[in-house]
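Below sits a lone chain in structure tokens, taken as the form predicted alone.
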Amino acid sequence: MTKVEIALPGQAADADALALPVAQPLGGDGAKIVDEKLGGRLARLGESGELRGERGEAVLLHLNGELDAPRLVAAGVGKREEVDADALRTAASATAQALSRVGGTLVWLLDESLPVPLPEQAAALVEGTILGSYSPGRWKAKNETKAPERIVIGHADDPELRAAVERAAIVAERANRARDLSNMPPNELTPHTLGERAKELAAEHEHLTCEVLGTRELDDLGMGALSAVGRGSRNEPRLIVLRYDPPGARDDMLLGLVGKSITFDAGGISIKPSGGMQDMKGDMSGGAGTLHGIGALAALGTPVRAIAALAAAENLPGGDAFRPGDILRAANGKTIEVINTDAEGRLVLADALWYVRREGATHVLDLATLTGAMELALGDLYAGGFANDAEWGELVVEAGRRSGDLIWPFPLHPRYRRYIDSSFADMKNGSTLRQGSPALAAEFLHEFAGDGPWMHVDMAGPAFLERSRGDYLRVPGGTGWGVRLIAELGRLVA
């Protein structure tokens, strides 16, 4: 994990690089102080157009003793009056990429003239640096990308500032761990090995426990939906359950977290087109975010009780695979006609939602890369949210706004229920009409969400990227979406 410290500029020993947020128009307090020591070099770069302060711009300068480091990155944050945490994260990510062959110690200089409080400014810079230095190439024989080993916030030490940067470092590190899971090849990450990773995580924390339910336990619980999805693979399905029970937590709140964890999705008998199928290793990104989200709660010591259920399976065609036309019985007793085996995510979530309610969850959130239509609607920035309780939905959306895991609310309406009416079972797992697929999927899950506040988040767009998003998420693959959301939601409800 990257070390994070606070020290006055000049007191951070062995700095390999300094970095400074630069806003438009050029000439903020921090930039003026630095530019005086550089003999007006920043001003001249601004006049020539090489330094514009645009959001995401990173201009690397090599120094000759003018400052306490051999390098300086001038990191653009955009128009001064529009600077927010997202602009600072983006600047930090661009800085990390500019220094990706350097590593070592990075010292961030803060700018009090920016319209962002210093603790929030420092936290965003730390978070963006850690997220921006992530490399998906860990399976390369030679991966030359270097992340900073140490991030120093160049400021007088202050308890509020220290708490903000330490929290940001923990949450960003957990998001990167979730990215590792999403990016793992499916020959390495199966439902079984995901369960092993969850056990390893639980062993790190005093108040976090894990149990993994296998085929026999799923059958005993009547989880016919989850079991059916995993039947076509030799890698059997699992329900991975983590419980976080810290001291001092509220007795009237048990946060239920459910993550879709399809470690590879070929579509089953309703097989997907081959183009792009390699990215279906990322269909467990909801589970990755859920796993390391509850891990973040434990690492932060957040005083909120939580239970997480990862519904893990491989959806493959095989001799024992479930078929279109099959009728499954879920754990809550309701029957489901299968019309499309590639609509498997809602099936595994159905049994997991029932389980966390059975275990006493009062407020439930599920995360799932569920429908391609949601990605078409919102692209790679926002997830779509469907809530059965307005207050709970607004709280989750607010947690997303604060954390950067953004959610846009969509309607949960009973009239969408008719899309999944079946002549043969209580419901079917999709519709033959090319209409409203995220909403009808949410109505399907509503049948299993039980009593009490619940929100379904369809994160198909921002969870796994095909290309750079152009902000602080600059590499393809898993994004760790959901970790920051859960960490912030825990803070709001504690």
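Residue numbers run from 1 along the displayed sequence. Since the structure is predicted, the reported quantities are computational estimates derived from the model, not experimental observations.
We do not show the form predicted together with a small molecule, though everything after this point is about it.
Heavy atoms of Gly325 never reach within 4.5 Å of the small molecule in the model of the complex, leaving it off the interface. Within 4.5 Å of some heavy atom of the small molecule in the model of the complex lies at least one heavy atom of Leu370. Remark: Glu236 does not count among the residues lining the small molecule in the model of the complex, judged by a heavy atom distance of 4.5 Å or less. Shown alone here, Asp342 lies within 4.5 Å of the small molecule in the model of the complex, counting heavy atoms only. Proximity to the small molecule in the model of the complex holds for none of Glu394, His456 and Arg484, with the criterion being a heavy atom within 4.5 Å. Of the residues Arg329, Lys146, Arg402, Lys272, just one reaches the small molecule in the model of the complex with a heavy atom at 4.5 Å or closer; this is Lys272. Among Ala449, Ala442, Ala460, Leu42, the residue placing a heavy atom within 4.5 Å of the small molecule in the model of the complex is Ala460. Checking 133-141, 178-186, 344-352, 161-169 against the small molecule in the model of the complex, the stretch whose residues place heavy atoms within 4.5 Å of it is 344-352.
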